[in-house]
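What follows is a single chain, given as C-alpha cells, in the form predicted alone.
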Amino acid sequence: MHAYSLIAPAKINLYLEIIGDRPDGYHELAMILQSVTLADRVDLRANGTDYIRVQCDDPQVPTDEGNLAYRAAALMAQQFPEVYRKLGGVDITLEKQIPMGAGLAGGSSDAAAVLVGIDLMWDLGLTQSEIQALAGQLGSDIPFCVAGGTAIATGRGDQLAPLPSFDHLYVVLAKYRSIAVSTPWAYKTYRQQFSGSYISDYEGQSRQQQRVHSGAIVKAIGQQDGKRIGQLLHNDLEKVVLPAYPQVANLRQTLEQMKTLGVMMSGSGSTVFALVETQAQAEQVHQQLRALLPDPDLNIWITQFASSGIRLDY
C-alpha cells in the first residue's frame, strides 16, 4: 500500500451573498469560490495499527477528533469498514502554510486531501462526485476543495457549478496572526442583525441563486476580465466582521489606498485580499503594505489563482 503526499490549496471568496435561512439551520448562500496556490501539504501513510494519528508542524492545530483531517479519515473508516479492518489505520502529517481562522478553508482543504488520499491508498476507485458527496458530510467548503478551480457554490455552499478556470491573476493575502474569526459567530451575528432582509420563500431563494448564475461577475469570469472581477467583489459578512474587528477594517482600508483591481475580506475573515494582474504588482503592494503597517503580527503572502484543487505532490 503506497504512501501519498497531496497539495491542499487555500480558497478565497470572490463573492458571498447570504440569501436566507434553510430548514436545516444553515444559511442559503450564493458564492463564487476560487482556489489559490497558497497550500498545505498532507502526507498519508499506513501505520499498521487500528488508529488514526495526526501530526502537524503548527502547535496551534488540534491533532485529535477536533481536526477535520482526522474526521475525514474517520469517515472513510466508517464508510468502508471492511477495507479499514483489512488495511488498518493511517498516519496523517500536515505541513501548514494556510493560516487558521483566516477564511481560507485551510482545515477544509486538508480534509479534502485526506479523502482523496485514502481513496488512492485503499484503491477504492471513487469518482470525484462520490468523494464530494462524502466531503459534504464533513463541512460546506470541503466539496469545493476537492475539485478546486473556480465555481459557483449555492445551498449551504456544497452545491457546485464549475466556472471557466484561469490562473493569471495574482493575489496579495494579509492577515493578523493573532486575529481569528469564528465562522459560526460571523453567520450567527449576521442573522441577528440582518435576518429582516432574508428571502424566506424557496422560490424567491431559487430565483436569487439563478440571478447570481447569470450575474455580472460570472460574465466577467467567463471573459477573464480581471478589472471587472475586481470591481464586482462582494462579501455580506464584511457587514458584521469589520465593525467587530477594527484592525481587519483598517487593513482593508489600507489596501484600498493602493493600485489594485479590487480588495475584499475572504469568507468570514480575518484575511483580506487584493487582486492584481502581475507578480511585480503583487510585490509592490506587499512592500507598500508592509511599509504602512509594519506590525510584526501582520502576515502577508503573494499567491496566484489556481485552476484545480487537491493534487498529488510528485
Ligand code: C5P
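Keep in mind that what you see is a predicted model, and the values were worked out from it rather than measured. Note that residue numbering begins at 1 and tracks the sequence as displayed.
There is also a form predicted together with cytidine-5'-monophosphate (C5P); it is not shown, and the following applies to it.
Sole residue of 230, 149, 99, 139 within 4.5 Å of cytidine-5'-monophosphate (C5P) in the predicted bound form, by heavy atom | Partner contact (heavy atom, 4.5 Å) among the options: 139.
Select from the listed residues 207, 239, 156, 177 the one whose heavy atoms reach within 4.5 Å of cytidine-5'-monophosphate (C5P) in the predicted bound form.
-> So the residue touching cytidine-5'-monophosphate (C5P) in the predicted bound form, by this definition, is 156.
Verify the flagged residues 47, 51 and 84 against cytidine-5'-monophosphate (C5P) in the predicted bound form: is each one within 4.5 Å by a non-hydrogen atom?
-> Looking in the predicted bound form, the three residues 47, 51 and 84 all stay beyond 4.5 Å of cytidine-5'-monophosphate (C5P) (heavy atoms).
Contact of residue 183 with cytidine-5'-monophosphate (C5P) in the predicted bound form (heavy atom, 4.5 Å) | Residue-level check for residue 183: yes, a contact with cytidine-5'-monophosphate (C5P).
Does any heavy atom of residue 26 come within 4.5 Å of a heavy atom of cytidine-5'-monophosphate (C5P) in the predicted bound form?
-> Result yes; residue 26 sits at the interface with cytidine-5'-monophosphate (C5P) in the predicted bound form.
Any non-hydrogen atom of residue 122 within 4.5 angstroms of cytidine-5'-monophosphate (C5P) in the predicted bound form = Taking the distances in the predicted bound form, the answer for residue 122 is no, it never comes within 4.5 Å of cytidine-5'-monophosphate (C5P).
Choose one stretch from 123 to 131, 199 to 207, 139 to 147, 161 to 169: the one whose residues place a heavy atom within 4.5 angstroms of cytidine-5'-monophosphate (C5P) in the predicted bound form.
-> So the stretch in question is 139 to 147.
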